[in-house]
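Consider the single chain below, provided in structure tokens and representing the form predicted alone.
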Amino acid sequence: MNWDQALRILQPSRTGSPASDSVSRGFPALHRSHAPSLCVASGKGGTGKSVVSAAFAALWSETGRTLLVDADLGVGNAHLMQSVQPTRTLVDVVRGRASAAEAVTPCASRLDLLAGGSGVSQMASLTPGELRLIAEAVEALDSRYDMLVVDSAAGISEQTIAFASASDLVVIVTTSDPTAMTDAYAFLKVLFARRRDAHVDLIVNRALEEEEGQRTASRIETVCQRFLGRGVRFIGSVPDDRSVLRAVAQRRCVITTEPESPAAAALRSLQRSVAEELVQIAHLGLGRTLGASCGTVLPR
């Protein structure tokens, strides 16, 4: 793979205006054996990944029990978007101080959080055995929920790729910033090397206009097809909207604070697209698949 060629394609054109440079929500049938899982990921921080995962979790909780899993295990902050302060987290699970059920924090009706560690450096580089404990915790909770949404850590660490490759569907969140596009491509390169058949969708966040989102997605798609031999599914963009900043300042999700805002409307449409796709995908069980990646297949 010629990395320099890939970077040239991802860079915005030097010509043009400044703007150009810059199922319903239903769940699969109830006889399913595992809850469907979605991993919201990004190649770099600051793309709005946690905003998207919080919105998706809130929307799924409108129709079924949903668990938001904070997979940023060292500096988890998913609880900030829920305005809660967990008393137990995955740190306690790994250290044997709490069971999976005890580590769950209620956030809203039908929405719970399995929080990651905050400022715990050891959680950023778990051993296979420690990651297996987290897999077992997720597996223990699987049957209690209709949907699992993973708020992934940014970047391409082993833990991050393990969560993404274990999920039924991955949504990559990027922006039109060249570094964000480059890092999104790097994430996809590593993910496809780990799981060639991964189902992946792409969202462009903070788009100044719809055409900007389409141009950004087209660049990433071109690079993926040329150098990775497969593409990703662009499902749309989220407009640059100050309602998101106001929601974050309130430690809430934009879906609940300003449900009629342009960003909230876009997120609702994107979540419907993801839900429709998930219905068509086999649900292998996030905990079981994550456990298998640690070298142990969890018991049925």
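Since this is a predicted model, take the numbers as computed values, not measurements. Numbers for residues come from their place in the sequence shown, where the first is 1.
Only in words, not in the display: the form predicted in complex with a small molecule, which the text now covers.
- You can rule out all but one of 56-64, 227-235, 40-48, 271-279: in the model of the complex, only 40-48 has residues with a heavy atom within 4.5 Å of the small molecule.
- Using a 4.5 Å cutoff between non-hydrogen atoms, D240 counts as a contact of the small molecule in the model of the complex.
- Although the partner is absent here, A265 sits far enough away that none of its heavy atoms falls within 4.5 Å of the small molecule in the model of the complex.
- Although the partner is absent here, T160 is not a contact residue: none of its heavy atoms lies within 4.5 angstroms of the small molecule in the model of the complex.
- Using a 4.5 angstroms threshold between heavy atoms, V244 counts as touching the small molecule in the model of the complex.
- Put simply, of V190, L126, A108, A154 only one has a heavy atom within 4.5 Å of the small molecule in the model of the complex, and it is A154.
- Of the residues N205, Q82, T89, T216, just one reaches the small molecule in the model of the complex with a heavy atom at 4.5 Å or closer; this is N205.
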